[in-house]
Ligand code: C2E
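A single chain comes next, written as structure tokens; it is the form predicted on its own.
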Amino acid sequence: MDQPAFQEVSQNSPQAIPTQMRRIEGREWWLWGFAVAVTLALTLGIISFTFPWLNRETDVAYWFDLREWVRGLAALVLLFDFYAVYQHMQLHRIRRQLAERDQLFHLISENAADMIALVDSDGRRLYNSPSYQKVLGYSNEDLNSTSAFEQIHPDDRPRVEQAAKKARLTGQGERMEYRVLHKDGTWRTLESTASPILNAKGQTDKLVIVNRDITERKRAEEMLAHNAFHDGLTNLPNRALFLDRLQHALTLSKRHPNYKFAILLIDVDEFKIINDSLGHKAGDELLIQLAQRLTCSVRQADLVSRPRTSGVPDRPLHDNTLARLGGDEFTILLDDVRDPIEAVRVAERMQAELAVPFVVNGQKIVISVSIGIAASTSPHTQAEDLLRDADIAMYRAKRAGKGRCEVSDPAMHASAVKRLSLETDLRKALDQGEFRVYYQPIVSLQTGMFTGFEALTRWQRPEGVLSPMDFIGVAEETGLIIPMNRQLLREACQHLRSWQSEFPSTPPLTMSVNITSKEFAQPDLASEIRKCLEQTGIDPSCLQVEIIETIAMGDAEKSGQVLAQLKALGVRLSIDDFGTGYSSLGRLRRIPVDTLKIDRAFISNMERDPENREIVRAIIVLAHNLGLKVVAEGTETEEQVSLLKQFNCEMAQGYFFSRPIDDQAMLKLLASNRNARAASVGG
């Protein structure tokens, strides 16, 4: 009758052991309770025969002789005793088996390579096998003083805690992988399985966790995955990985037109001759050095092609990707390229860097490379097609004489060449002093007198004078705007000093100069302006520094610091092109500006457009309420001047008064303005 129960108790699962123990304890209580009950019943039965009131005459007819009853009862007691002894032996045997199994479990856990832990519902460690010290270096004391989650990598901890919670709630554990900190500070990867242990109410209050160190296996898997997508010689991404990233970038550019990129395909000229003459081993060494030099060059390319695009989801996490397609061909994916000239600039710099001799086996080797460029503006939708365009452009570069770079799209190539030529000419013009300062007067609308000037740059070329619209954008992008504007500031201050001496006035004439975003970002901006003021002897209050609205209202902390430095010099600050940006009125109140210049777009349509007229009036009222003066730019008609006077605008500039002119013409205009004023006063 006990064999099935014994078989049930002898199940091997760890979860069954507490249940088995509870059943054994229950059977013991039942056995001893039953034994006591039977013993008491038999004892009372035997004793009852000794009471005289039970021995009546009538009892003889119904009962056996007392001796027979005693024998029968004694036999029953004896049988029950045998049964009780048998049950006790069974229970003892089960207990011994459980003890042996428990001893076996401890023996296995003490010697197992896997780490075995028992934790309670709060994550406290109740048992840790010795393999923890062998695998992770922690002693029992180290582990018992910390939570079971403390050594888990912070990025993996929420996932592990969630899995433990799920195991406690559902009673089902799951296999998972996570990183654990070794005592030596390195990270190990564990494969873990949690098994719940139920209490008397069937609830999970403990977890048995078996951990296996799979760090080496993971490294091997990662190495296999790495080798599948990387070149064995140079360890660069291979063709498969490059095409995958290129396809992702191409798909992204089709969804987001503001995201653009370019690819460069680089091929070593006459590499076969090098390979044949020096041997394949030397050729491989050259390719390794070439890959290393290209890697460094690509990192520097971030200065030219750096992330600028915002609001593009799923944008590549990498910036520029260098890969080896095979043989002596390398490719580069330049991320977020705004203009083809940027790719051409990167290509030419790489050609210059690769022209530096390589040293292979003690021998100097000079190489040249041909580069083909393809851009995302191509209509292609497949990465292979775009790569083929770059390949065609590269072979065109080889046919043109090698050591060159070509762009796949002829129109794009012409644009890039034109842009590159303009950059070169700008640098030459700066060295040769071809930039001229032109001046446009700023006029008081109340008196008609000149109050100051705005200094503007013009490029004096052999074929004529170029407007800033033709070159300022390129100068800004290349950084040439900084030396250009410093030259302009110095010359403008010198002319102002001369004009103040020749045409004294109260207040004295002023000079306005524009500060671009590139200049505004320079840490030495204030010191350069101070140096110029000291060298020319100009009173700082006579210099008006104009900053466009988007710069002044941009990064509050950064712009505030720069504006405070400029204000500390004593110069006056003006916000240029006001009304076209994103001004915050609260911010405008806090920045230390003196003047607002209304953008010409509002002034030019003021007499015909009532809305523009109201905007101009509102800006003037706002400025006056903030204690600021107003200059209206682009004033061209008498009607505009009349309206501005009605709105109490203090100053204006524009073609109505004078076009931008050089210093000699301005000298004559100043004299004319003074004479006209004198005549009006005399009359």
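Just count from 1 along the sequence shown to find any residue number. A quick note: this is a predicted structure, and the numbers were derived from the prediction, not measured.
Here the subject shifts to the form predicted in complex with this ligand, a form of this protein not shown in this document.
- When you look in the predicted complex, the only residue of 481, 152, 119, 375 with a non-hydrogen atom within 4.5 Å of this ligand is 481.
- Listed residues 250, 354, 472, 532 were compared with this ligand in the predicted complex; 472 is the one with a heavy atom within 4.5 Å.
- Heavy atoms within 4.5 Å of this ligand in the predicted complex belong, among the stretches 179-187, 333-341, 444-452, 507-515, to residues of 507-515.
- In the predicted complex, this ligand sits beyond 4.5 Å of every heavy atom of residue 156.
- Although the partner is absent here, residue 419 is not a contact residue: none of its heavy atoms lies within 4.5 angstroms of this ligand in the predicted complex.
- This ligand in the predicted complex is approached by residue 633, whose closest heavy atom lies within 4.5 angstroms of it.
- Within 4.5 Å of some heavy atom of this ligand in the predicted complex lies at least one heavy atom of residue 458.
- Residues of 592-618 that come within 4.5 Å of this ligand in the predicted complex, judged by any heavy atom, reduce to 600 alone.
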